[in-house]
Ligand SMILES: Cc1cc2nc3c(=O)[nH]c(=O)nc-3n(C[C@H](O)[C@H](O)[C@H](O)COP(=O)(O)OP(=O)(O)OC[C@H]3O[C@@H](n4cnc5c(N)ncnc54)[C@H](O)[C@@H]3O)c2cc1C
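Shown below, as structure tokens, is a lone chain in the form predicted alone; questions about how it binds or moves come after it.
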């Protein structure tokens, strides 16, 4: 038996290692050419201290209180030289990946399908040449634009473990990736680097509220694939907001999730006043107090910076602090800003 351990470095890079039953994380990482911080490896110095964000593990008793206090252990801090996982885990490493003599992985892919959604977005699917990337639902990769040195960052909309990767890409007038995809053909190669990002689905222990703006829908499609496959007893509600009618894409896929995932509901809204859509305005105009569950909710938000700031202000106005508020900002032609998590009281 073995477990998958995601190591999230502070520069946004995620690397996955395999940890055998009874094996310590530090030892497993070293055997897979990732040098996590360490001095003593005996639970004495505390140099290898990290934070376990998800998963089950045993820390044992063979370490000093000076290296890891009881309060730190209660908050999920671990010593990787002593930590023995008993499930898949996610560990935040307080160093850049380069300091641990590793970095993002590179993947060669070929374009399998390109679908144009008018002038709003493009959906591409790619087959991986060799081993497929391992990622957590919500993460993104950097995709190289053929014929240039430029890259663009896009969230996976496909589920982890899928043999074909998919992405939902905003069409940007004059944008380098948009221009390339307009002339690209099936079979052309794309290089991807990653995965990256701290915006990923945590274990659902509370109701979930998903807030998507435009092509910020992409990571939620990956999350919903995982939730549908694993089952989820928690209520899940999504608000999906766009600017124009034609920006509202893949609604039929969300509808299909309501059949696969009985606890999932969603609503859409369009901000332009010229629309005939039944719900006009911004996402914050349609946030029902029942969706916030009095603060006992995990909120995930992916959208442009103004949307993120508007939602944060809305929570302040209504006086609700979600138990967990995880958001990722993105702008065209730029990598997503580092995801942030605000924990409730």
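Numbering follows the first chain given and starts at 1. Quick caveat: nothing in here was measured; it's all calculated off a predicted structure.
The discussion below concerns the form predicted together with this ligand, not included here.
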In the predicted bound form, the residue from 275, 158, 178, 268 with a non-hydrogen atom within 4.5 Å of this ligand is 178
Picking from 69-77, 161-169, 124-132, 241-249, which part of the chain touches this ligand in the predicted bound form when contact means heavy atoms within 4.5 Å? 161-169
Given that this ligand is not shown alongside this chain, does residue 107 nevertheless sit within 4.5 Å of it in the predicted bound form, heavy atom to heavy atom? no
Just checking whether residue 174 would be counted as a contact of this ligand in the predicted bound form - the rule being heavy atoms within 4.5 angstroms. yes
With the partner left out here, check for me: in the predicted bound form, does some heavy atom of residue 140 sit within 4.5 Å of this ligand? yes
Against this ligand in the predicted bound form, would residue 152 count as a contact residue? Criterion: heavy atoms within 4.5 Å. yes
Residues within 4.5 Å of this ligand in the predicted bound form, restricted to 210-240 and counted by heavy atom: 215, 218
